[in-house]
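Heads up, the chain below is alone and in the form predicted on its own; it's given as structure tokens.
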Amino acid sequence: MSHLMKETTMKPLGDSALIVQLGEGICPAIHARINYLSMLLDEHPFDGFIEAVPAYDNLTIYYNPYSVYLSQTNRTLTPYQQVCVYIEKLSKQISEKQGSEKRVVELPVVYGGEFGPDLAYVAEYNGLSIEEVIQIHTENEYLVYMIGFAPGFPFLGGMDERISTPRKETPRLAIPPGSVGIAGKQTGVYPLETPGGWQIIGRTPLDLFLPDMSPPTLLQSGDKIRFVPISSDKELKL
């Protein structure tokens, strides 16, 4: 997919949020800039800042407009304008090289059988053996671009197109938590039991949604993950 680095642009999202655009398309360099700006906001929040939510090529910033307005000395700017001024100053500090080292998380996965009912189909669709699909799926490192859809669900970049497989024509009504799936050119992990049309090739025993923790998700935007094949009789039970 093509991508484009460009000047930082901002646009409002309702009256209490704005979107900071840092590029176009799915690109690790653009995403590094997004994560660094998010980190800067966490370290140097403005009055009224609530949270920053990263996506593939932009950052959505939520704020309390009343708190932002009260923080001004002369109150000549709207809350949106005030936040834009702050973000513009902060964005000048962005550097891909200044971000912290990416965390690498290993996800153990039982492939096939009852835990991966669509593995054989993925292999047949791509003219591969089951062993080749597992090898291809586990040999790459994946970048977590964002968390969304369901709490803890990682949107990953880096899957080899040799195992790309269309979604199921009829989605399942319930996919177990921890299920690892493929949909088109993407792979991902279901953190909770939800309906879904992804081709399920395995399952991890690790919990991705951790409601009692802060943050409440095992994976974070900017993490790198590796899928590690295990057998179901290992110590990590499903």
Partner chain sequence: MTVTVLHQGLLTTIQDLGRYGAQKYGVIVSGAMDSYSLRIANLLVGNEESEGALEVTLFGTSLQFENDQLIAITGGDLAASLDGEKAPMWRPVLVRKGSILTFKSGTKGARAYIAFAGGISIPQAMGSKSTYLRAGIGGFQGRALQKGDTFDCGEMNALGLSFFHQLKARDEHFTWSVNYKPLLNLQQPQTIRVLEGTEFNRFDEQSQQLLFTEPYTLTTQADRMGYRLEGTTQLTLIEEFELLSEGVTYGTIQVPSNGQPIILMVDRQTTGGYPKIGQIISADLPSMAQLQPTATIQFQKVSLEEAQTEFLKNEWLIEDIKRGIQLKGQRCLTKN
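Numbering follows the first chain given and starts at 1. Rigid core: the largest C-alpha set superposing within 1.5 Å between the two forms. Because the structure is predicted, anything quoted here is derived from the model rather than measured.
Heads up, the form predicted together with the partner chain isn't pictured, but that's what we're talking about next.
Proximity of residue 51 to the partner chain in the predicted bound form: non-hydrogen atoms within 4.5 Å are present. Though the partner is left out of this view, residue 229 does not reach within 4.5 Å of the partner chain in the predicted bound form, counting heavy atoms only. Residue contact with the partner chain in the predicted bound form: residue 26 places a heavy atom within 4.5 Å of it.
In the predicted bound form, residue 40 stays away from the partner chain, with no heavy atom inside 4.5 Å. Annotated contact segment (heavy atom within 4.5 Å of the partner chain in the predicted bound form): 149-157, selected among 85-93, 149-157, 115-123, 133-141. Annotation for 187-220: interface residues with the partner chain in the predicted bound form are 192, 193, 194, 195, 197, 209, 211, 215, 216, 217, 220 [heavy atom within 4.5 Å]. Taking 2 Å as the criterion, residue 54 counts as shifted between this form and the one not shown: its C-alpha moves by at least this amount when the rigid core is aligned. For residue 77, a C-alpha deviation of 2 angstroms or more is recorded between this form and the one not shown after rigid-core alignment.
In a rigid-core overlay of the protein, residue 16 has its C-alpha displaced by at least 2 Å between this form and the one not shown.
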